[in-house]
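Below, in structure tokens: the form predicted on its own, a single chain.
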């Protein structure tokens, strides 16, 4: 067990975005998260990565990380990407990745070999000199993945990485995530609305509803659960199976 959350809660005024949520993520697994818009998925990511402070327990790799700042959590080994690419748009892909490597290094040292490695791994050698604002959407997303990997994490968290991509680009990212998991041994947590992506990639899948856990288990079992069909997938999904 690499990540363990217990009774995790986050309120915004009278709105409970995450409601007494408990779950764990095993080392080197791909763990999927899905649910309706407003279910609390991104809020959960913000709690785990230190953007928000909440109530409850967050334990990562044997250490409590509840009250740590984002850079300290990154140093512990958690890195993330965003649904809408978050890059320094006036800098090249290379320098965006270099900044991430610096942010993720507790001793403020940047290893050029690490940067070159993640650039090559993500197929960005021909794109590394391009200003981020000029990159295509898929290359912006790949730059975010490379930047996250440059922090040398133990766990990568992807927030709707397939949004806006073509079917071929989605397949490319799916293959890349499998490669990251299998060849680099990194644990992956992924929020995604495309159920085909999650049923193919994830070892386990958790469905959130109103900030709470509705169902968790192997993807094929979860997608056949009546509660999940009624609240999220709909009868059309069930009938297509």
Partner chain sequence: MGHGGNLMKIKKDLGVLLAVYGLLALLPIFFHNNMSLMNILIISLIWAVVAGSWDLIMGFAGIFTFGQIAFLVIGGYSSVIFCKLFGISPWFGFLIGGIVAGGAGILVGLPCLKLKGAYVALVTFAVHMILEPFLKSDIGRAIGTGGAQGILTVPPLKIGSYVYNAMEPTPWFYTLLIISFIAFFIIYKVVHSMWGYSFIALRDSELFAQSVGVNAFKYKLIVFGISAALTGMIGGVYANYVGMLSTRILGLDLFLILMVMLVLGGMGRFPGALLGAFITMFISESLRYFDTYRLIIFGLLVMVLVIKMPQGIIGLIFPLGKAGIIERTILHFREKKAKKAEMIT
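Since this is a predicted model, take the numbers as computed values, not measurements. Numbering follows the first chain given and starts at 1.
The same protein also exists as the form predicted in complex with its partner chain; that form is not shown, yet it is the one meant from here on.
Wondering, does residue 125 line up within 4.5 Å of its partner chain in the model of the complex on heavy atoms?
Looking in the model of the complex, residue contacts with its partner chain include residue 125, since a heavy atom lies within 4.5 Å.
Mark residue 88 yes when one of its heavy atoms lies within 4.5 Å of a heavy atom of its partner chain in the model of the complex, and no otherwise.
Contact check for residue 88: yes, within 4.5 Å of its partner chain in the model of the complex.
When the contact criterion is heavy atoms within 4.5 Å, does residue 82 count as touching its partner chain in the model of the complex?
Heavy-atom contact with its partner chain at 4.5 Å: present for residue 82.
Contact label in the model of the complex: residue 171 to its partner chain, heavy atom within 4.5 Å:
The answer is no: residue 171 has no heavy atom within 4.5 Å of its partner chain.
Check for me whether its partner chain, as it appears in the model of the complex, comes within 4.5 angstroms of all of 75, 100 and 129 - heavy atoms only.
Yes, each of 75, 100 and 129 comes within 4.5 Å of its partner chain in the model of the complex.
Spot the stretch among 191 to 199, 31 to 39, 206 to 214, 64 to 72 with residues whose non-hydrogen atoms come within 4.5 Å of its partner chain in the model of the complex.
Of the options, only 64 to 72 has residues within 4.5 Å of the partner.
Which of the residues spanning 30 to 60 lie within 4.5 Å of its partner chain in the model of the complex, based on heavy atoms?
The stretch 30 to 60, when checked against its partner chain in the model of the complex, contributes only 51 at the 4.5 Å heavy-atom cut-off.
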